[in-house]
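In structure tokens, one chain follows: the form predicted alone.
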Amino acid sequence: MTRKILIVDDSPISRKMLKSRFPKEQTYDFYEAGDGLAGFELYKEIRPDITFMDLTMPVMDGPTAIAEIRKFDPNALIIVSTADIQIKSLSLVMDLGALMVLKKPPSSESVLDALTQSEEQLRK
């Protein structure tokens, strides 16, 4: 099954790196946004299965974008992808409803783990 994946990150290199870590034996339709507001607008348009969200971005930061997306779709599956490992930041995004935090730079194993956890949530 092809999954729609939205990657919201202001770094094109980070978006490219994350996409390169997805399993090659499965197919994904990738959509990208460079800030939280663009990510929220794209979310409303495409309704992705899984959203990967950076925290620190221009225009609208990740926590605000997560809050807006969850207001629009309380069942949104959002995985935070960040280098920010401060407990306060991680606690905030989990309280906002993120499924998990994926630390940058992501490995193939950590992306596979995130996808496995997401699939379990999608089956519920």
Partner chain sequence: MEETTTLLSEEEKDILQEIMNIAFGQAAADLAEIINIYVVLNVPYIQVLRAIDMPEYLHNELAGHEVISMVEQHFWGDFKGSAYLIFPSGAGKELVSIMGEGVGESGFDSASFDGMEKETLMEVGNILIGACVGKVAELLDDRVTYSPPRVAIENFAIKSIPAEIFDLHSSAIVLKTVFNFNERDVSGFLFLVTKQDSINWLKNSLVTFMEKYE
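Bear in mind that the values here come from a model prediction, so they are computed numbers and not experimental data. Positions refer to the first chain, counted from 1.
A second form of this protein, the form predicted together with its partner chain, is not displayed here; the remarks below concern that form.
(request) Kindly indicate whether Lys44, Gly62 and Glu119 are, all three, within 4.5 angstroms of its partner chain in the predicted complex, using heavy atoms. (result) Spot residues vs its partner chain: no contact at all.
(message) For the interface check, one of 68-76, 51-59, 35-43, 94-102 should have non-hydrogen atoms within 4.5 Å of its partner chain in the predicted complex; which one?
(response) Of the options given, it is 51-59.
(request) Tell me, yes or no, whether Pro12 is in contact with its partner chain in the predicted complex, where a contact means a heavy atom of each within 4.5 Å. (result) Residue-level check for Pro12: yes, a contact with its partner chain.
(request) Answer yes if any heavy atom of Gln86 is within 4.5 Å of a heavy atom of its partner chain in the predicted complex; otherwise answer no. (result) Within the cut-off, so yes.
(message) Does any part of Met17 reach within 4.5 Å of its partner chain in the predicted complex? Heavy atoms only, please.
(response) So Met17 counts as contacting its partner chain.
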